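Here's a solo chain for you in structure tokens, the form predicted alone.
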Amino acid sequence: MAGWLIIALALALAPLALGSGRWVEFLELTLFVAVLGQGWNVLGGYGGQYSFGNAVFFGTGAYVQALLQYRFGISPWISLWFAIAGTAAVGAAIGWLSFRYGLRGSYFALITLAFAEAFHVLARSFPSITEGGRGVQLALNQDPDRALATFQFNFAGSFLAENGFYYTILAVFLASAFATWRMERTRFGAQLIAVRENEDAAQALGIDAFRVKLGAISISAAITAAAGVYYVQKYLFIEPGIAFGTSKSVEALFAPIIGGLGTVVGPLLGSFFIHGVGEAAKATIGQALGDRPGVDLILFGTILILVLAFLPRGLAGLWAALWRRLTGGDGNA
């Protein structure tokens, strides 16, 4: 807990210390992907149910948030609860259809990918509701007095305009990390880990694996939906390709795998690594080679493969091993 307090304090003070909009944007994007990763981590890291289509939860949360404002003029502070709860219900429905018939492993991964693509098609096929391929564009508020009421900080005071959405995503990340930390220490968390380790053995001990996995996918959906709400409020726009495209699923997948599956801090470490290496590669290899775009991505991909090959427990596992070697203590995250 002391470690998390230090992390939270450092992230809270970062905009004041950095004084650079570029680096604040970097941290904001890192925290955004960490939230996506934390949502995936609940189901994949703790539950062992690997999803290739978590974008379905991101997109559902984003569209519900946007459409309730766009179609009905509902306050964003009210619509966000409908977005999170509605997406959790969608997660439960997908989980019921998947787990009810015993889908696991690669079959579950593929069915989640299929659901993401199905929602992508549906979002394009009903323009009278979703605006189709044009996407949903929310009205921009230019009244500083209504900045908080409209959940838009663009024309608020200088501090909110520059840092409002950074602190928003920081609050979302800390809330998701705390929820995961609490879950890990409950009976439900222990049952979820037991299902991950050996589902048949867990059921033999009396654990209702179906109920446990259904709860995990609902929590995963709710956390991922919160990232969708943040995205809509920051950019005031959402369209099917952004909402249900594979990029969000890939980011959600890579962050906890690189950072450390089944650890609270893993998604944050993985997100920092992904974006840190990406920025470093662009600044060095990308600039050095000039007119040869994509070489930095090759370097980035190579580093990712090496991490996956030689750090099966991710960066959190590496930290724990180093901590034990240096101090003989417990370095678990």
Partner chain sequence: MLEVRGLSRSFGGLKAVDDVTLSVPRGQIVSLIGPNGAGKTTLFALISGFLKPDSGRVSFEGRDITGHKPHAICRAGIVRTFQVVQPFAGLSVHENIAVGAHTRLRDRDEALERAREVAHRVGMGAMLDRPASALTIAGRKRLELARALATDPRLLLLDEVMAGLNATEIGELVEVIRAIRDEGVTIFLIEHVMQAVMRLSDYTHVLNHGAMIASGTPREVTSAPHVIEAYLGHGAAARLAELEAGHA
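No experiment lies behind these values; they were computed from the predicted model shown. Positions refer to the first chain, counted from 1.
One more form of this protein, predicted in complex with the partner chain, exists but is not displayed; see below.
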Problem - Heavy atom within 4.5 Å of the partner chain in the predicted bound form - residue from Ser75, Ser247, Asn198, Ser106 - result: Asn198
Exercise for the section: Note which of Leu138, Ile207, Leu113, Leu174 lies within 4.5 Å of the partner chain in the predicted bound form, where distance is taken over heavy atoms; exactly one does. Expected result: Ile207
Practice task
Specify the contacting stretch among 220-228, 90-98, 159-167, 183-191, defined as having any heavy atom within 4.5 Å of the partner chain in the predicted bound form.
Solution key: 183-191
Exercise for the section: State yes or no: in the predicted bound form, is some non-hydrogen atom of Gln203 no more than 4.5 angstroms from a non-hydrogen atom of the partner chain? Expected result: yes
